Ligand code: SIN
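Just the one chain here, the form predicted alone, laid out as structure tokens.
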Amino acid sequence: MAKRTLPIEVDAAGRTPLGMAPAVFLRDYWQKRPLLIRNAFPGFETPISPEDLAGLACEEAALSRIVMHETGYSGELDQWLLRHGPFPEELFPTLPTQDWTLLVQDVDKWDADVAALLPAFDFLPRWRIDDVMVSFAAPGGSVGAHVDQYDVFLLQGLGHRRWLVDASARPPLEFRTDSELKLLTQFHPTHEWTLGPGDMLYLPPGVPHHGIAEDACLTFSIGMRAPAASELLGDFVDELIEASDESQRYADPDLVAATDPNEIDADAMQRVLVALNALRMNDPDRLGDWFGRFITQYRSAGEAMPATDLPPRIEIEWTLTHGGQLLRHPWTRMAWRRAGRGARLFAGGLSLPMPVRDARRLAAATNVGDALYAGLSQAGRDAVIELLAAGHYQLPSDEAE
């Protein structure tokens, strides 16, 4: 990671949400230093209310948490409590008037108006964006001083939140052991900002921060997907093992008489490396195919389910030619990459070959209508029907899984 330098503050003043050209942001700030952007979204009005967020937190399939902070009058008590949803509706009227936060993940999958925020971040690969988490905090509400291992844009939607940030070169990163939350034992902020509606704070990975609600507030966290190297390796090794040939084994046709039969000598270790190297995936198309399937499944809290009682293809195509549309399942992530003379479209772990033009259009579209479908190649149209059968597209009358 690039050496971190001091954060700065800019005013977007109705320009891009970054307050600068995306190329400048990526060169000077991305994964390098925090950036506070005043008026990133001028006149911003929250697309979801606190009441609607609380209602979503009552849903069985939603990932929600409540964090409460308890302190004594003299500050001797410092207790952080974590509760996981779904929550009963009757809970919310009983909560105190301060010092608690409700957090709901993947709100963009549930609310189209929240999802409409994402095109503002199209200067980033869409497959790098994980979700939009929305948090409501009562006055004084917080989740404590912590650090994230991914990039995040913190957009203030309602009320005001004070952010404390430690932008020092080597901040202490030890965690407390008395809480389920990964809270820092030490936190020494170097900067402090209060954000109002439309202001946005960008934080690179590894920057300690602490947000405190000044009044009742909503914050939208646009978080990035950053699989750990261990996650990549684990999934990749599973791929290699599945594709391996049992005939590929440790072999020693060059074996010579041992001077010590109990020694694992240098020649033996060289043969181990040869055996392991036989598993390497040297084909870039196979490697890319694995990664496309992995990243479109990675950290997905929900998934599309195969369709049942799907009408015949001729009926589906008739529906499309008469104004119908196939809607992409809200949990389905898509991406594409060039492969050979064409491309592969990835959707929720599936890999489908087609021309580059088809892959680009389908990955960018949230629905498929007659014009898009008619403009696809045969491979592209076949892929749409396959994705529909797998649940990644839905007919408008379908219920979301």
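Since we're looking at a predicted model, the values are computed, not measured. Throughout, we count residues from 1 along the sequence that is shown.
Same protein, other form: the form predicted together with the ligand, not shown, and the subject of what follows.
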Considering non-hydrogen atoms and a 4.5 Å limit, does the ligand approach W110 in the predicted bound form? no
Does any part of H329 reach within 4.5 Å of the ligand in the predicted bound form? Heavy atoms only, please. no
Check W163 for me: does it contact the ligand in the predicted bound form (non-hydrogen atoms, 4.5 angstroms)? yes
Would you please decide whether T219 lies within 4.5 angstroms of the ligand in the predicted bound form, comparing each non-hydrogen atom pair? yes
Have a look at 320-328, 173-181, 133-141, 87-95 and name the one stretch with heavy atoms inside 4.5 Å of the ligand in the predicted bound form. 133-141
Go through V114, L195, L154, A304 and name the one with a heavy atom inside 4.5 Å of the ligand in the predicted bound form. L154
Which residue, E214, D99, D148, D289, is the contact with the ligand in the predicted bound form, using a 4.5 Å heavy atom cutoff? D148
Restricting to 191-214, the residues within 4.5 Å of the ligand in the predicted bound form through any heavy atom are H209
